[in-house]
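The chain below stands alone, shown as structure tokens; this is the form predicted on its own.
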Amino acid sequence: MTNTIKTPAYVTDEKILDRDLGALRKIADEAACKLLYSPKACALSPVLEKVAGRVDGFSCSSLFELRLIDRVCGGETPLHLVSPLLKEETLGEIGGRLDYLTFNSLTQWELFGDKVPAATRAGIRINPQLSFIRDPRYDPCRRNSKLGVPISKLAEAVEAEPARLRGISGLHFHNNCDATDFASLLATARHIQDVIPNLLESLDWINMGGGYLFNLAEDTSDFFHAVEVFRDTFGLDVFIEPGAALARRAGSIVATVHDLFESDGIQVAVLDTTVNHMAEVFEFQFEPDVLGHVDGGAHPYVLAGCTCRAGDVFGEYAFDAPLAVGSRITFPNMGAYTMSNAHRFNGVGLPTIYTRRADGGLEMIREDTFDDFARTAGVAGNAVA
């Protein structure tokens, strides 16, 4: 099937998406919490259309995401907005469509709180000041964090200036990334309970964010206990907003080998994809999975991207059979944060987008073109720059 694909390609698999979405829906229902999807992980229309009817809303981070959800999923879909940047014009354009609006800071709340429509539930993002991520680039609770009100400061405000929070009906927190167990979530829930119990008593809802790979967790009991802290102890509606947990396994990147040569004793295979298309591979400096790779395989290669960046390399892989010009290489588990981060450095086009339908049929959704590239360069129409 991959031989019919025009590469580089991004392929969404409906069966895998259905499977992982169904598993998340089941967990949320068993926990009696509400399931949101965070489109920053993957905002492609085949994913949004599939997800729309099976989640309780979308947790967006920008005006464009909000408008995209309305266009793809219809104007009745519940919308949540949480972002470090909130502009008055955003509230003016779409404020009336928001079911929930989370302010990132107390100053943000003071600036715009009186402009929140009556039907919109306002919340505050808190920084629990508990770090579980080693890499500070991905740690919302890093030193000098821009994400949320430090819980110690919020506790002080509750004690000294309770009127300052009048109108706030909920809280949002998100302090993990790609976690495969829920011990840290339960620890965070108990910490919040201990530090601001009086505030929790006055609220209606809490959003526990994302950052957890439900489908890779061996034990979900701590997740259920974390929900119980807020739902049973304080009577709150509880939201979760996974992104990667829903989309990651449903997407893959397919590439073609276009050149093979020896370099310092190993064969280099140059592909028509690039770390441009998998930005987190370059940022995290990890080697992505490749279908057909065999540890200690007879035919080792360095798989390299097609740009002039020296570090545009995926890593060393080995196969039982030799590669040739024209061989196809598939990178699985690329459904999250690939296309949303992909870019065109060196003028390399973005992957062609396909969906593999549940019946196995393959449908091209969109192909990147020179005109798309030219428009991002500010070239209008067919004008020559």
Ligand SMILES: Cc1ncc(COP(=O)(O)O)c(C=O)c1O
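What you are looking at is a predicted structure, and each value in this text was computed from that prediction instead of being measured. The numbering used is simple: start at 1 and walk along the sequence shown.
Beyond what is shown, the protein has a form predicted in complex with the ligand; the following relates to that form.
Engineer: Picking from 172-180, 127-135, 226-234, 69-77, which part of the chain touches the ligand in the model of the complex when contact means heavy atoms within 4.5 Å?
Structural biologist: Result for this chain: 172-180.
Engineer: Can you work out which of G305, G148, G251, P242 has a heavy atom no more than 4.5 Å from the ligand in the model of the complex?
Structural biologist: Checking each option against the ligand in the model of the complex, the one that comes within 4.5 Å is P242.
Engineer: Looking at Y317, Y354, F331, Y337 here, can you tell me which has any non-hydrogen atom within 4.5 angstroms of the ligand in the model of the complex?
Structural biologist: It is Y337 that has a heavy atom within 4.5 Å of the partner.
Engineer: Going by a heavy atom distance of 4.5 Å, is G210 a contact of the ligand in the model of the complex?
Structural biologist: Yes, G210 lies within 4.5 Å of the ligand in the model of the complex.
Engineer: Taking the ligand as it sits in the model of the complex, is K40 in contact with it (heavy atom to heavy atom, 4.5 Å or less)?
Structural biologist: Residue-level check for K40: yes, a contact with the ligand.
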